[in-house]
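One chain follows as structure tokens, the form predicted alone.
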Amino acid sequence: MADHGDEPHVLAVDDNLVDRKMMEALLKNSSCKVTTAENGMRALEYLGIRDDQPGESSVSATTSKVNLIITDYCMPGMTGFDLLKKVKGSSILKEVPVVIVSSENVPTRINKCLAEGAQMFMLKPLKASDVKKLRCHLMNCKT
């Protein structure tokens, strides 16, 4: 059995409680450490990115190490796409893979997210096989 230090740490962001809980359960079943956030602003707070400064995002020194961010695309206030841009705009977090999930299969949206740096775009509802793919991807990306 792996100790907690070997578990990939995933930040799961979704405004829908049911979807968030389902994502959390699937990830935990795949031996991932999971932190959840109900919106993009909470995710930024957790990551230590301050949204109140233009230009380069400032990241606090106490940021928890996350290995992957999974975010819903459609959320009120800040979309998953906006969150993706903030993460990729951060010099410290830009290497963290971001996976966008959505219940809508819109090719232009998918392409826009991938072009902006998303690692993957997955359709909801997430299944165990999706998480297995993510887990394999994480293990390959860990250095």
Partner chain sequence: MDVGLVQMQRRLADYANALFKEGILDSQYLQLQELQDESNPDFVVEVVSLFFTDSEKLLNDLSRDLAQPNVDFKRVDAHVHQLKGSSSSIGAERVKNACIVFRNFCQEKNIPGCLRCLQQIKQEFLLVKSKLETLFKLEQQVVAAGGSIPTVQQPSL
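Here the structure is a predicted model, which is why all the values come from computation and not from measurement. Residue numbers count along the first chain shown, from 1.
There is another form of the same protein, the form predicted together with its partner chain; it is not shown, and what comes next is about it.
For the chain shown here without its partner, which stretch in 39-47, 91-99, 78-86, 24-32 has non-hydrogen atoms within 4.5 angstroms of its partner chain in the predicted bound form? Result for this chain: 24-32.
Contact test in the predicted bound form: C74 vs its partner chain, heavy atoms, 4.5 Å: Output for C74 is yes: heavy atoms within 4.5 Å of its partner chain.
Hey, in the predicted bound form, is M120 touching its partner chain, heavy atoms inside 4.5 Å? No, M120 sits far enough from its partner chain in the predicted bound form that none of its heavy atoms falls within 4.5 Å.
is_contact(S103, its partner chain) in the predicted bound form, heavy atom dist at most 4.5 Å: Looking in the predicted bound form, residue contacts with its partner chain include S103, since a heavy atom lies within 4.5 Å.
Hey, in the predicted bound form, does K127 get a heavy atom within 4.5 angstroms of its partner chain? Contact check for K127: yes, within 4.5 Å of its partner chain in the predicted bound form.
Residues within stretch 6-26 having a non-hydrogen atom within 4.5 Å of its partner chain in the predicted bound form: Counting only heavy atoms within 4.5 Å of its partner chain in the predicted bound form, the contacting residues of 6-26 are D15, N16, L17, V18, D19, K21, M22, A25, L26.
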